[in-house]
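So this first bit is one chain, no partners, the form predicted on its own, shown in structure tokens.
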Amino acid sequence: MVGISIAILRLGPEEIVNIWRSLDIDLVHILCSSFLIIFICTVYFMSKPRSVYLVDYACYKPPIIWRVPFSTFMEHSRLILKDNLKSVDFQMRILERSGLGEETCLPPAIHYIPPTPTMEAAREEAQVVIFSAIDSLMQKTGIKAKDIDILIVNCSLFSPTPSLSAMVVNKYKLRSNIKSYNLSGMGCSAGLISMDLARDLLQAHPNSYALVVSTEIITPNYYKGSERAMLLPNCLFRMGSAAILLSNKNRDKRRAKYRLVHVVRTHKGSDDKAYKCVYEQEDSQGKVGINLSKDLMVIAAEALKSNITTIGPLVLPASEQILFLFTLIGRKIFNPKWKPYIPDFKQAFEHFCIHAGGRAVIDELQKNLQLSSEHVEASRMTLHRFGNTSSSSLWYEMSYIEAKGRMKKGDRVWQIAFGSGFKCNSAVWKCNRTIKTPTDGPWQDCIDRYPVHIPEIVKL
């Protein structure tokens, strides 16, 4: 290279011009080629999907004074349903087998005898659980209210006017040009629907922050009748909320905990049984509640199969995909009675966050996905400590894994949730950095006690 430079310096001006002419280079061609290369590079980088990072999240932890031990729950049931002892016995049997512990919490209005589910009490619960989670998240991340570009709030059964998202805008004095969304009626899987919506919005709006709030407000939805299928939610659902901060800013890549890899949504609403298996309705006495169908687990299993069929090719190693394909072809061509091959998702994920909808839900998924007790530990312990917190339960489970110090850089997490409609939704996250054991969070004062043994039946 040095020799070439010396040779060029020894040449005179006329010799350099003659060499340039001998190359027969057309300046117009050079400019056109350069423009084409720049244009192609620009189109590529503009069309390339933006990475979506989970900067951090926070879960609401109810105060201990709102806890509902089994004895308190059953005492209230006997007083409220004193004319229907069969319904009281039914609730006791459900609670004995529920997998819930003695520290789950219900809002103040439900502690009254009889409960007082007023609009004012419901708003107060919403303000407490949502604002507490957001305050904690802002403290963790240092983000200011004016920095938030997108706001999504999901709450299935409580949809007041103004909306819950408007309530957040008002509380934190968010910008007037904020893109605000309020999702309702979408069940326990609405949190992952919010993630999907946030991802799409972050693809369209560069250099933005998205705040997602997932919750369920219990106060107005406590069933006061005696229909067994509608009493089930009373036994399982408890207070909870989570606030999640997403970003597509490159500068957040280092500090972010996770990167969103996939979101897969499955909707079985075209089938009448699936559509009505989780259904809000009035009973024979005109009391409103959520009716959970006996076919719920069968429908959930079918929805899961459809979701797995879609997500499998995206995450499974080639060896698992080939085995699955060969088995599928064999059943179609040779023998339909062949046992279907269940892919080993343990090769694709290190952690599983299964919606803590109830013991039966976790048992069914553990069986269908052939998971170990450790893989479903976060789900079982979340159900035991906090109950079914609806769409926010996935984040209590993620927090459990972090509190145990198990989340390492490169680990892959599969979140699975079910919701009314009927829906099965999945999200795949990849851990950006090894997560240090947090000193705060919902598990702060009890993680050392977990995991605990949960008997099949807790005699009351």
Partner chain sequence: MKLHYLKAIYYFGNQAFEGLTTLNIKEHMFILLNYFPAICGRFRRTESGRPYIKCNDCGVRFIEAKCEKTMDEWLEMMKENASIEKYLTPNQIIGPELAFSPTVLVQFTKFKCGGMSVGLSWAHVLGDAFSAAEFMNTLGKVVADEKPNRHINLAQMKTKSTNTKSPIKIMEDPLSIKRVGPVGDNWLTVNNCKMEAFSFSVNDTQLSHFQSKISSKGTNFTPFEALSAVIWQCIAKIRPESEPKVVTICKKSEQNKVDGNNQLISVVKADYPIVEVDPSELAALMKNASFDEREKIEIAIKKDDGVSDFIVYGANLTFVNLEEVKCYEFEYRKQKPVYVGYRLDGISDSGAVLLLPGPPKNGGRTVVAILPEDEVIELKSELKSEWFMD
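Residue numbers count along the first chain shown, from 1. Treat the numbers as computed from the prediction; the structure is a model and nothing was measured.
Another form, the form predicted together with the partner chain, is not on view; read the next lines as being about it.
- Partner proximity in the predicted complex, defined as non-hydrogen atoms within 4.5 angstroms of the partner chain, places exactly one of 343 to 351, 109 to 117, 326 to 334, 133 to 141 at the interface: 109 to 117.
- In the predicted complex, Arg175 stays away from the partner chain, with no heavy atom inside 4.5 Å.
- Not displayed here, the partner chain is kept clear of Asp272 by more than 4.5 Å at the level of heavy atoms in the predicted complex.
- In the predicted complex, the partner chain sits beyond 4.5 Å of every heavy atom of His453.
- Proximity of Gln321 to the partner chain in the predicted complex: non-hydrogen atoms within 4.5 Å are absent; the residue sits far from the partner.
- Residue-level contacts in the predicted complex: of Arg412, Arg433, Arg67, Arg406, one residue has a heavy atom within 4.5 Å of the partner chain, and it is Arg67.
- Residue-level contacts in the predicted complex: of Arg97, Lys276, Lys287, Arg78, one residue has a heavy atom within 4.5 Å of the partner chain, and it is Arg78.
- Along 366 to 388, no residue reaches a heavy atom to within 4.5 Å of the partner chain in the predicted complex.
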